[in-house]
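This document starts with one chain, in the form predicted alone, laid out as structure tokens.
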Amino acid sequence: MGLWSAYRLRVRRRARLFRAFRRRRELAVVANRTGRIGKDDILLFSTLRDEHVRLPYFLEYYRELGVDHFLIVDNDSTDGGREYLAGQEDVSLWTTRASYKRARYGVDWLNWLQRRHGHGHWCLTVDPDEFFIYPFCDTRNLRALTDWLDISEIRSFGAMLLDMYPKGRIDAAAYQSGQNPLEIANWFDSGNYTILKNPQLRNLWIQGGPRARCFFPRNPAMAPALNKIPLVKWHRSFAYVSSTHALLPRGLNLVYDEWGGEKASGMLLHAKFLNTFPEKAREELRRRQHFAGSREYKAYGEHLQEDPRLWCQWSEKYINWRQLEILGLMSKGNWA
């Protein structure tokens, strides 16, 4: 990379950090328990709106995985989720009525909180419908993974987003608060993925799966990106650029092996498609706070009105992380 390109990326990173600094004023403290964060605690960051039904299992899942403290931005929820989170002793909570879109879809808010509270910690950034898995997650907690990453001098860990869905109509089974959503949405596409490399930021760009197949069949290049880098040993100079798809400095985006080998990687099991989704999609379409004029939600609305099914004859039923490794969707690399 030339000196001019390196300079431009530094300027871009500083601009992202300055944006985050300015947006901090949009956040009002509901419950600040960050004084309880220990030196080596693993932190989880998330931004959400009206996800109360998902929160009990979400918190339980990540507590059992090994998260020590949750730092959450509530974007003006009205379903009681904010009050529920405020009562959780391992949650620090901020709220805002500001525009999710103008905050770069929540990235500015989380960049500020990560800069303020995440420095020196392993930070996991996920949505309430995303469930992080990694090699040996059935026998080794998150601390085992971060310890290995520290020993290996690896600062970032990639995970592909895997859309999960039920067999039959997505509104056929009612999701109950506290329930594991993967009991309902336990099917996925084992193929139908494309991978490109971003020449500027060097992150991979993955698309495909049921959202490309069902919602963007005529133009799969318009489908949402599935590449994510959710787990990072944070430094106050880091910044997410586009959701968790890419970071600056750009070396953090090299979560793959460029020379034909394999690096360890994980998955984010994406349990978006439950019976709660059609109403959520209609609400987000009305709000128009998502990328590209909520193009994705327009496609959801059109397809789900015609046929609320994502399952097809090539769908695979989820078993465990080893199944995903065999299918080539994730890798344990040299972590034995």
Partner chain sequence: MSVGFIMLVHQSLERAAQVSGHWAGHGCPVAIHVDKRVRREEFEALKAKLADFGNVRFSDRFACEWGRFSIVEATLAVSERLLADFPEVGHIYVASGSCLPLRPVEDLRRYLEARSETDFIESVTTDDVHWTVGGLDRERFTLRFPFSWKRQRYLFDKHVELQRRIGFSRAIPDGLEPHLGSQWWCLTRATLSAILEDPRRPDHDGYFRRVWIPDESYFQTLARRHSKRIESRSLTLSKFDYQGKPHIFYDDHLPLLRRSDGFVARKIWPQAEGLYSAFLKADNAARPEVEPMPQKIDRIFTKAVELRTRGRPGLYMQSRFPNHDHENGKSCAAYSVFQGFGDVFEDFQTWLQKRTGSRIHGHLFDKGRVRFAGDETIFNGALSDSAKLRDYSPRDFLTNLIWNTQGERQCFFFGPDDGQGIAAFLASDQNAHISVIAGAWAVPLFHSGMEFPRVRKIAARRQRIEAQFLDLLRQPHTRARVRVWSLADFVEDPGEILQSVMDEMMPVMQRRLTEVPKLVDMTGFGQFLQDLKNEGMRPYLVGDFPADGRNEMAPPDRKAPSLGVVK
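Residue numbers count along the first chain shown, from 1. These figures come from a predicted structure and were not determined experimentally.
One more form of this protein exists, namely the form predicted in complex with the partner chain; it is left out here, but the text below deals with it.
Trainee: Hey, with the partner chain in the model of the complex, do Glu60, Glu89 and Cys123 all fall inside the 4.5 Å heavy atom range?
Mentor: Answer is no for this spot.
Trainee: Based on heavy atom distances of 4.5 Å or less, which listed stretch (166-174, 240-248, 72-80, 142-150) is in contact with the partner chain in the model of the complex?
Mentor: In short, 142-150.
Trainee: Does Arg213 make contact with the partner chain in the model of the complex, using a 4.5 Å heavy atom cut-off?
Mentor: Yes.
Trainee: I'd like to know whether Lys197 contacts the partner chain in the model of the complex, with contact meaning heavy atoms within 4.5 angstroms.
Mentor: Close contact exists here: in the model of the complex, Lys197 approaches the partner chain to within 4.5 Å, heavy atoms only.
Trainee: Does the partner chain come within 4.5 Å of any heavy atom of Leu3 in the model of the complex?
Mentor: Outside the cut-off, so no.
Trainee: Does at least one non-hydrogen atom of Ser156 fall within 4.5 angstroms of the partner chain in the model of the complex?
Mentor: Ser156: no, not in contact with the partner chain in the model of the complex.
Trainee: Have a look at Leu201, Ile206, Leu85, Val107 for me and say which one sits with a heavy atom within 4.5 Å of the partner chain in the model of the complex.
Mentor: Contact check passes for Ile206.
Trainee: Just one of His235, Lys263, Lys101, Arg116 has a heavy atom within 4.5 angstroms of the partner chain in the model of the complex, so which one?
Mentor: Checked against the cut-off, the match is Lys263.
Trainee: Judged by heavy atom distances of 4.5 Å or less, which residues of 311-336 approach the partner chain in the model of the complex?
Mentor: Residues within 4.5 Å: Cys312, Gln313, Trp314, Glu325, Ile326, Leu327, Gly328, Leu329, Met330, Ser331, Lys332, Gly333, Asn334, Trp335, Ala336.
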